[in-house]
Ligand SMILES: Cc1cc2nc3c(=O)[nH]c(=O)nc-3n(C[C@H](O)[C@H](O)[C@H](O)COP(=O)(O)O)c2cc1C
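Before any questions on how it binds or moves, here is one chain, the form predicted on its own, in structure tokens.
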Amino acid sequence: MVKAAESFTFQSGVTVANRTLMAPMTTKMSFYNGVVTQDECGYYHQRAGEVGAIVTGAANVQADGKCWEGELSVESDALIPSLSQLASAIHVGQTKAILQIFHGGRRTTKAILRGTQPVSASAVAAVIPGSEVPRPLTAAEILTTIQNFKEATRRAILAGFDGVEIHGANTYLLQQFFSPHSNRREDEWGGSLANRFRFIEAVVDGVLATVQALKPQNFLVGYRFSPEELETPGISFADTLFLVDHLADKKLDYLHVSLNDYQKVSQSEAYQERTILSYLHEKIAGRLPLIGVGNIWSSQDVAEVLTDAEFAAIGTGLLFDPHFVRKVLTQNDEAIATTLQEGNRDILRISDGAWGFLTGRSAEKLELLQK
């Protein structure tokens, strides 16, 4: 079993001090135009220094990819100076800074886009109250979006980040192209499973090619994905095993599953003997490191995640306690903060976005967190 305190060197040459990462979480701390704020830098700086790497909240690669107010952006060169400040704020001790890059697709609104209609693979609204019908991207626009992911990677390199994480999870644009619910296209970007994977592959290959061309010293590329969808039709776990199998053969540094509980079992009857994490780890078969995540609150949780993954990503635990990792690595679980009062928000630099994430949990989960 991998021990949490062990260091690791990715294929790109990036070395992290231990097997923990700060999971990407929405903060809504940036200015209206995506420029990093000092509050945002302070929030990440407070949680750096012990965790192996920090993955930022999602940064849009183009204007119509913006999904919420206060969202980080990497859409233009003008943003490089503020992004550089963010990378520097994270670089405490040996902590590495990873910029998550994405496009929101149909998960945004005309109001957020100041009157522009959201775009997606097809003109199909999300099954979420208030969702708007998006406009299908044209073939030319798809190629432009791929190029924008490449440009975002170039900017991350110039800003001093140690890597980028391509956000293909949580029903945003990359997942929308892979999903049979949101992708009803009849061209080369839709239809068969292989065709629905084409956009993801083009983005991944484009980002990797950008890194190879620019040759920065030790710059990693990861990919995050969600394992299945509730919609019918939707992404099945078998579809995701296809996705993971193909991505694991790429020159990526890691794959990062998006889960709310590392012990979660698939909704598919064919994959319920073990956890989702276990099946994914088996499919990857050592080709790439896997990052597990979800409901991690103790050194025991971290140890259990590392039986079926090479890394454990901590989200809410680091909101409650910026020193969560140090306490886990020393197995000082009794000192981990497990309660959070609204009066402590300023001390912990928790923004409206992160606070909304916490209070959006179920009453049962909130009761559990207060014990």
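What you see is a predicted model, and the numbers here were worked out from it, not measured in a lab. Counting begins at 1, following the sequence as shown.
Not on display, but discussed next: the form predicted in complex with this ligand.
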inquiry  = So this ligand isn't shown here. In the model of the complex, which residue out of Asn148, Thr240, Gln100, Thr95 has a non-hydrogen atom within 4.5 Å of it?
reply    = Gln100
key: Sole residue of Thr37, Gln46, Thr338, Thr26 within 4.5 Å of this ligand in the model of the complex, by heavy atom   = Thr26
query = Looking at 121-129, 73-81, 286-294, 151-159, which one sits within 4.5 Å of this ligand in the model of the complex if you count heavy atoms only?
reply = 286-294
ask   = With a 4.5 Å heavy atom cut-off, would you call Leu259 a contact of this ligand in the model of the complex?
value = yes
request  = Spell out, yes or no, whether the shortest heavy atom distance between Ala309 and this ligand in the model of the complex is within 4.5 Å.
outcome  = no
message = At 4.5 Å between heavy atoms, is Arg224 in contact with this ligand in the model of the complex?
response = yes
key: Gly65: touches this ligand in the model of the complex, heavy atom cutoff 4.5 angstroms   = no
query = So, Ala17, Ala53 and Ser298: all three within 4.5 Å of this ligand in the model of the complex by heavy atoms, or not?
reply = no
ask   = For 142-167: residues with a non-hydrogen atom within 4.5 angstroms of this ligand in the model of the complex?
value = His167
